[in-house]
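One chain comes next, on its own, written out as structure tokens in the form predicted alone.
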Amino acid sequence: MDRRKIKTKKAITEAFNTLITKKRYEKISIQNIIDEADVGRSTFYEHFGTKDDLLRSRCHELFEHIFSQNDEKTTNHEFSNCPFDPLSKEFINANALKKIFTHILYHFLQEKKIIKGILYGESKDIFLGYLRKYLADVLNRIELSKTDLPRDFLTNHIAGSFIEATKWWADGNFLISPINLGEYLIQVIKI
């Protein structure tokens, strides 16, 4: 993609990010987005077919970044000392899982206005679907515990607990630290 297209796509994404912090997803129109981005309608459609496609792209970028193992992408965050290896096949204990949760939660805290805007609108199902998929991908690559429970049940339970905790956290204006919420999650799921 050439520089001009990259710059235009970024303008559209930033316009969406701005709008989602000001109004509910279902109230945002493509016209609102193109006005905010200062691009034409045909330019929007060169990059995205629908508003949902834009949201999916935003979710994909966010989760690719969060779950990336590229150290350059995470060294500028205050939580860069929370490394994890989602490709590891080794047994992962509660402390390692807490680091994974904490890492994700710090990213959510960093973008809390956008996360909150997404969670309170029609868009939440798309966002939570992506979050569940990425969490399941990570959890399916690691040995979680020594248990006779079916793997898919355990993965679904942990991902669901994380999602519900994230919604609860957003409802409370993200007042609890990501470290404490990570600890709460570990205590609840009893890994």
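As the structure is a computational prediction, the values presented were derived from the model and not from experiment. Numbers follow the displayed sequence, beginning with 1.
The protein also exists as the form predicted together with a further copy of the same chain; that form is not presented, and the subsequent description refers to it.
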Do residue 12 and a further copy of the same chain come within 4.5 Å of each other in the predicted bound form, heavy atoms counted? no
Can residue 30 be called a contact residue for a further copy of the same chain in the predicted bound form at 4.5 Å between heavy atoms? no
Partner contact for residue 140 in the predicted bound form: a further copy of the same chain, 4.5 angstroms, heavy atom: no
Consider residue 152 of the chain shown here, and say whether it contacts a further copy of the same chain in the predicted bound form, taking contact as heavy atoms within 4.5 Å. yes
Using heavy atoms only and a 4.5 Å cut-off, determine which of 46, 64, 164, 35 is in contact with a further copy of the same chain in the predicted bound form. 164
157, 160 and 189 each touching a further copy of the same chain in the predicted bound form (heavy atom, 4.5 Å): yes
Can you name the residues of 96-132 that have a heavy atom within 4.5 Å of a further copy of the same chain in the predicted bound form? 121, 122, 124, 125, 132
